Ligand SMILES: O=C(O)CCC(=O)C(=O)O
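First, one chain by itself: the form predicted alone, in structure tokens.
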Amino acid sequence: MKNKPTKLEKYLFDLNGYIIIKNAISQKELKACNEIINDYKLLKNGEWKDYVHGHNYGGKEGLNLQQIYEAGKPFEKLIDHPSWIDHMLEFVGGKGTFDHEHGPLFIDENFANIRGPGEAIGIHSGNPEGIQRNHYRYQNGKFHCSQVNILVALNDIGPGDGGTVVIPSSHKSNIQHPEYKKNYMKKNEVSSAENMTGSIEIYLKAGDALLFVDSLCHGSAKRINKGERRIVVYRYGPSWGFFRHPYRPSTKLLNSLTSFQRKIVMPHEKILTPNK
């Protein structure tokens, strides 16, 4: 059964730019996802395993497993998972408008991230940047967001584990944070997101999910504990959007999806496929 956003969730999303969905995926789903991650975690930057790509930005932000929905059914299910798909439809919005011309939503990037001791990603984004991809708007009783992210914890993330850091309500701020340093992708340099005034670190239990609009100023704390932090992120936007990176879903994946999932993964399919 789908989990529809409550009135309180809508209020908190508008107020803070994020909500937490407890127990978003089941223990069975969690186990299946982690077993697959175990098979891919040895990928190095630039290496491929099947249709999954090992990737990072050249710094200390850990390993991204890009196109993780190509890794099997457990990750395919996350495309339209009942715990958050109605939230995405509500918060991305656009129903009954041109935004739905090719489909209800579009995932422009999806990845798992594995991060070890000393690794983090610095604080970034925020409304003052004015980026169209990060656009946030609420008008006439409806949300209109260009990108809303779901971040699922695949293991417990507590103090010292490198939790996601957010600055609540920064998706509406008109002024750049005076402590902001745009260095989150510089090699071997990580800004201390957790030390910025007004920031909070989000702790999650395995299976919990953080849902946030991408214009929210966010990053992560540096992991200081042993072991690794595992998350998976799917980024949703309107169907007119396009891929952030030069990845495309494989024919194998598209053929395995439901028609609804396929519209989310590749709403441009009819446009990009030549007429026969």
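Just so you know, these numbers come straight off a predicted model, no measurement behind them. All residue numbers are counted from 1 along the displayed sequence.
There is also a form predicted together with the ligand; it is not shown, and the following applies to it.
Contact check for I231: a non-hydrogen atom falls within 4.5 Å of the ligand in the predicted bound form. With a 4.5 Å cutoff on heavy atoms, R235 counts as touching the ligand in the predicted bound form.
Although the partner is absent from this view, S220 contacts the ligand in the predicted bound form, with a non-hydrogen atom inside 4.5 angstroms. In the predicted bound form, the ligand lies farther than 4.5 Å from every heavy atom of I85. Between the options H135, H124, H100, H81, the residue in contact with the ligand in the predicted bound form by a heavy atom within 4.5 angstroms is H124. The partner is absent here, but in the predicted bound form a heavy atom of L151, alone among A71, L151, M196, A206, sits within 4.5 Å of the ligand. Only one segment in the set 167-175, 136-144, 89-97, 107-115 has any non-hydrogen atom within 4.5 angstroms of the ligand in the predicted bound form, and it is 107-115.
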